[in-house]
Structures are given as structure tokens and as C-alpha cells.
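The chain that follows stands alone, in the form predicted on its own, written as C-alpha cells.
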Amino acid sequence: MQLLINGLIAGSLAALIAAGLALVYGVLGVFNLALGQIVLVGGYATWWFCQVAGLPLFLGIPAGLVTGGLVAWLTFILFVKPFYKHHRFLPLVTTIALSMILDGLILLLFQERPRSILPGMKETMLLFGGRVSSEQLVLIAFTLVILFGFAYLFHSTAVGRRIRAVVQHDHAAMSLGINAPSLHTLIFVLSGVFAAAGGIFIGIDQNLTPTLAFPITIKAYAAIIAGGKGNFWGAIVCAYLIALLEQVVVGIHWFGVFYIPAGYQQTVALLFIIVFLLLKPTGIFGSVSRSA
């Protein structure tokens, strides 16, 4: 049961980040390779607002989310929008450059020392045979509130209908009077808010370190590839699935014969990418497109 609880906690974090990435790819067909760094920006910003500026947590978290959205907006304006119209793969290069810039800035500003938004030992409670802290329960609930809130926005509001129209065909949507460029910007900012929420999750549950960016990005890519590129809900389901597999496969004895060290945990996401690209490139929830 402890493995399931750990998988739920790790999956909630991965779902937030994969949701933002799937949203951007579904609308723009663009991969943002600076996503992991935006995650850390949101987490470190919240740490700074709470631990240095002295803001209470209920104000520091919105400030961190706004910071993540602002960095995502700048990413879109400076590193994506001028390039993806020429070729949708060009942002791969520009966002890689941005990720390296942000890595250097994060290391310069916060050094390598681990940072925690809520420092100190956290008290745990027994729940269904597993140990979990009250902070982790709040984080899981926070994740579900964000995802269900977006589900309502996406499926039950006029803005959501416009977003779905742009996803299906942005030029056709523009012919109906929908401002697709503004929605592109909004979607990129939303992805930054999702990413920043993931960084805040890490900063409260664990510790923030500059080396986390690449593993976070890889896990998010594994989720959207397994779920079907651009499939928002497929990415979320597969994020939970990958996190559960990481807990179950790594760090335990199998049949009393062999043991996979915890250091290989990150390879689960990489194997996910390889397996689905080989066996089912469209992903679990994707569909095969036909061309004449």
C-alpha cells in the first residue's frame, strides 16, 4: 500500500507537468524543452517569496504561479513565437538554448544547496496501511482541484470551446472570428502555471535542486508520448502510470532473485518512450492518422 501512496504522490506531480506540455503540443505542435526549468523557476520563486521575502504560504504560492506564468509568456514571445511559424521544430533548438540559460541563472542565484519551501521534518499519519503526511494529502488534493478546474474550463465554458476549436484547426477557427494567436499565448501561459505548480509541489514535498530539470522534462515527455501526443487526459493518466511503475519496479526485490537499485528509477520514463515509439507511436489513447 505504501508503494501505491508513493505512486499517487509522484503521479500527481508528474500529471501537473505533463498536462502543461500536452496542452502546448496539442495546440501548437511545439515541444517546450525548457519545461523542467520553468518548473524549478516556480518552485524557487515560491521558496524566495516565503523564506526570504517573508510572505505567508497562501500568498507565496500564487506569487510562484504568477512567476511561472510570466516566464512561460516570455518563453513564448521570445523563444517560440518568432520561430514556430517558420517550422514547428525550430523551437526545439531555441527552448534548449533557453533551458541552458535558465540552468545557469538558477545555479547562480540559488547555488546547489537544496531548498525547501517548508523546511523541517513533516509529521506522517497512517492511512490504509501506508504513511503519508498532511502536506502530501493537501498537495494531492491541490493537484486534483487544478486538473478538475481546467476540465471545467476546457469542456464547459466559452473559452474552452474556443480552445478546442483552435486545437482542431486554428485557421478555420480564425475564419469564425476566434482570436487564435491570443489563445496560443494563453495556452502557453497556462502551461507555465501548471509547471510552476509542479515546482511548488516539489518544494513542499521534497527539496529543490538545480539538477531536477532534465529528469522532470523526460518524465513529462514519456507521459505525453505514451498517452498520445497532444492528448491532454491521456498524458495525465500515463503520468500516474509511469510514477506507479517507478515505485513498483525500482527499489524492491523481485522473486527474491534480483534487485533493481533506486538509482535506475529515471530509466523507467526513458524505457516508456522507447517502448511506445517502437510498438505504438500514437500512444495508448492516440489514433492513427490516414493520409491520401
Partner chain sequence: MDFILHIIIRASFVLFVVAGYNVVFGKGKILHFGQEAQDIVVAYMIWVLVMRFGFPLGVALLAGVLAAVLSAALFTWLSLRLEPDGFGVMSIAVHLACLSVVLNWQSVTRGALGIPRIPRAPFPSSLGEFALFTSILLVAWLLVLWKLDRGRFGRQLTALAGHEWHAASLGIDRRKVHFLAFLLSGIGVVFAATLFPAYLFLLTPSDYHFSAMIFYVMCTVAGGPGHVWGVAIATFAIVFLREGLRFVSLPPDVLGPMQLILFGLILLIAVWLRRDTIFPKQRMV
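Keep in mind that what you see is a predicted model, and the values were worked out from it rather than measured. Residue numbers count along the first chain shown, from 1.
Here the subject shifts to the form predicted in complex with the partner chain, a form of this protein not shown in this document.
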Among the candidate residues L153, M100, L176, L144, which is the single one with a non-hydrogen atom no more than 4.5 Å from the partner chain in the predicted bound form?
M100
Is R161 near the partner chain? Define near as a heavy atom within 4.5 Å, in the predicted bound form.
no
So in the predicted bound form, does any heavy atom of L92 sit within 4.5 Å of the partner chain?
yes
In the predicted bound form, is there a heavy atom of the partner chain that lies within 4.5 Å of any heavy atom of L186, even though the partner is absent here?
no
Is F49 part of the interface with the partner chain in the predicted bound form - any heavy atom within 4.5 Å?
no
So which of 76-84, 153-161, 189-197, 176-184 is the stretch with heavy atoms within 4.5 Å of the partner chain in the predicted bound form?
76-84
In the predicted bound form, do F58, A63 and L70 all reach within 4.5 Å of the partner chain through at least one heavy atom apiece?
no
Judged by heavy atom distances of 4.5 Å or less, which residues of 264-284 approach the partner chain in the predicted bound form?
Y264, T267, L270, L271, I273, I274, L277, L278, L279, K280, P281
